[in-house]
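Next up: a single chain in structure tokens, the form predicted on its own.
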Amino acid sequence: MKQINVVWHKIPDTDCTLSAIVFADYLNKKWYEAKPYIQGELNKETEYLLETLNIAKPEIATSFPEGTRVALVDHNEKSQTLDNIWDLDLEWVVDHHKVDFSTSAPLNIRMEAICSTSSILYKMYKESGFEISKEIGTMMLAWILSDSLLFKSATTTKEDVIIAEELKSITQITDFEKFAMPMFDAKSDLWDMDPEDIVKYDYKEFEINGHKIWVGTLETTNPWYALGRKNELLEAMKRIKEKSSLNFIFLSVVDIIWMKNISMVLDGDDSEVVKSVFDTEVTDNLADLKMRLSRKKQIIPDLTEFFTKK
């Protein structure tokens, strides 16, 4: 049987990385042959988890030979996926984001309005009667806690909380905060990173009505470190915007502890967009977006509405 390559989006985060590993395990249990791949280097939170759980880092691939069978997890946007996606045989999509694709052939799709792809896969394992090992369960729990910011994100649903509680008996992890904080601290360790790498640490690219936009997020327990490098990061944002021919670029610094969003914004048109979309002032290239913690639910929908009308 020809292998299915399970792939996550171009800037790997904890949810997409672990979900690809787990979905490959699920497909193997379904009598497929599957292997996970990443499209770029992992962030420090994900590296910490793989090292802690003694899980090998998947191989990097940004394209495959024509006709390769692929499954996409935690994304479906063309701008976020494999460079030659339409030359491949897309067979599966498992995701929890807005839909932005069409295909010429039927495929298997599982999409739910839920906080984490982990929660979807947990349900798929249960529905298929598959045992969830301690290793798989720990990965599932880790990315539920990461994506939900310990259940504080607006994307958190009752199902995510219930599933996390059910995973306690499998993982023997009962203190969620004690388990999650080292992950968050690892994600916050930016001291040795180049400014452009920080801006690209966790970004999503979108094409909206002919407008190309980047929305970056830094979820951190130490927001003052990133904000203290504001001038460097703004210069990096300018370079990235020019090199990538962007219409808009935006970087949210999300304080995981105090649940606040202070975003960096370039002068000119970008500042005017932020003022209009989020009804806030931009002062010294900073916008206080208060408790807008979720890019998926609290930022992208408003930007999509704005650029759709522009």
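Residues carry their position along the shown sequence, with the first being 1. All figures in this text were calculated on a predicted structure; none of them were measured in a lab.
Below, we refer to the form predicted in complex with another copy of the chain, which is not included among the displayed structures.
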**OP:** Answer for R292 alone: is it within 4.5 Å of another copy of the chain in the model of the complex, judged on heavy atom distances?
**Re:** no
Original post:
If you check in the model of the complex, is R229 within 4.5 Å of another copy of the chain, heavy atoms only?
Top reply: no
Subject >> 4.5 angstroms heavy atom contact with another copy of the chain in the model of the complex for V161 >> reply: no
Subject >> Contact label in the model of the complex: K212 to another copy of the chain, heavy atom within 4.5 Å >> reply: no
Subject >> Per-stretch contact check against another copy of the chain in the model of the complex, the hit in 189-197, 221-229, 165-173, 110-118 (non-hydrogen atom, 4.5 angstroms) >> reply: 110-118
Original post:
Quick one: of S79, T103, S133, N84, which gets a non-hydrogen atom within 4.5 angstroms of another copy of the chain in the model of the complex?
Top reply: T103
